[in-house]
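As structure tokens, one chain now follows by itself in the form predicted on its own.
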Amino acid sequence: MSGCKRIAILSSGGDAPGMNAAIRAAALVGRSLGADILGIERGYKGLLDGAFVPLMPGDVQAILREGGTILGSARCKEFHHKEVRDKARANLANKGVDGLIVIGGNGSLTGALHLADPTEIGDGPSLKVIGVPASIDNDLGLTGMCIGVDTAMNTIVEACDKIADTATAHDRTFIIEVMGRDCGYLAMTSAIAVGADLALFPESGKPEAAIIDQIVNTVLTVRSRSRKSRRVIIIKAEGVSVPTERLKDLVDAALREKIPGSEPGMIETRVTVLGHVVRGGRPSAFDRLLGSRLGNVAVRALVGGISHKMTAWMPPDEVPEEVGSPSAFDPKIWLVDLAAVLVETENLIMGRSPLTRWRAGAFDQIGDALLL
């Protein structure tokens, strides 16, 4: 296969710390290999608007430490329609772009696969695409870690450590909601990292009544301890079916029934929704390295004529050869089939993946030990 001579880079969907590291690596390495590198501002929306900008070394050299993405991002629901994608392909062809790097999550990579679909392109200019996984939710299949997850985890841990100080001082119960959409990875792992008493995540599949009972039992167990601190820290994934405020009201009511005559306010839970603060901040060292390595392999793959792949960090050993193989440029970075990634991502989200079942089962085992 012939390699790409002019490569465009776009970031799409939710921003993630470390995206800039991938942009920087792809731009610098691509130019060193003789390719012309362009950036596309505001994701697929910018592609439709023709928002192409040159990415010269001076434009990207210092962006490694910056959070978010210098190219910007935007949602583009109209990209689901073929006629809209036809316009996007025409814009790429008019700019002479024959390779595209898409940095983003599930929706972004789905758009990339459709954009380079030979059945849609027909007799038009061919387009090669490589995806780079970036999602703080860590909800993409066939990669061990996505760009942004480590920084988000550190942000959550720092916030929870501070909340734990005041919770300990007042023997309070705090429910802390973290981002993650339909994936509970951040809630599970941060709960372990901060020494939380309970984690709530959608993969458990527990109904509302069971969740309430679990929280109440946890609070009562912790309050029965003889040691000085009886604070309770509960990490809740945003994908849990019970809204956080409703959860608070139901838990408070149940605790009042279980602890009659308690002092006003002493059993009332507190709620903190971390929200989009989890997305922000300067990327951690790990995310800077991960973004750089994924971006490096992505642009080298396009220059080498490879297409319809996603760069992945240490996917599971059981990935069959027809789905992926280690990159020749980095032993820790694999090139996995983009279509297979999207299938496995859906399995993860729907709870059909062995990895999803393992995560939920493993955390239940760990959770039983947290209250000892």
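Just count from 1 along the sequence shown to find any residue number. Because the structure is a prediction, the values reported are computed rather than measured.
There is another form of the same protein, the form predicted together with a small molecule; it is not shown, and what comes next is about it.
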Checklist line | residue 141 within 4.5 Å of the small molecule in the predicted bound form, heavy atoms | finding: no
Notebook entry, point to check: residue 136: heavy atom within 4.5 Å of the small molecule in the predicted bound form?
Noted result: yes
Check: Taking heavy atoms only, is residue 75 within 4.5 angstroms of the small molecule in the predicted bound form?
Finding: yes
Notebook entry, point to check: Heavy atoms within 4.5 Å of the small molecule in the predicted bound form: does residue 180 have any?
Noted result: yes
Checklist line | Non-hydrogen atom within 4.5 Å of the small molecule in the predicted bound form for each of 238, 276 and 279 | finding: yes
Notebook entry, point to check: For the chain seen here without its partner, which of 251 to 259, 151 to 159, 84 to 92, 128 to 136 has a heavy atom within 4.5 Å of the small molecule in the predicted bound form?
Noted result: 128 to 136
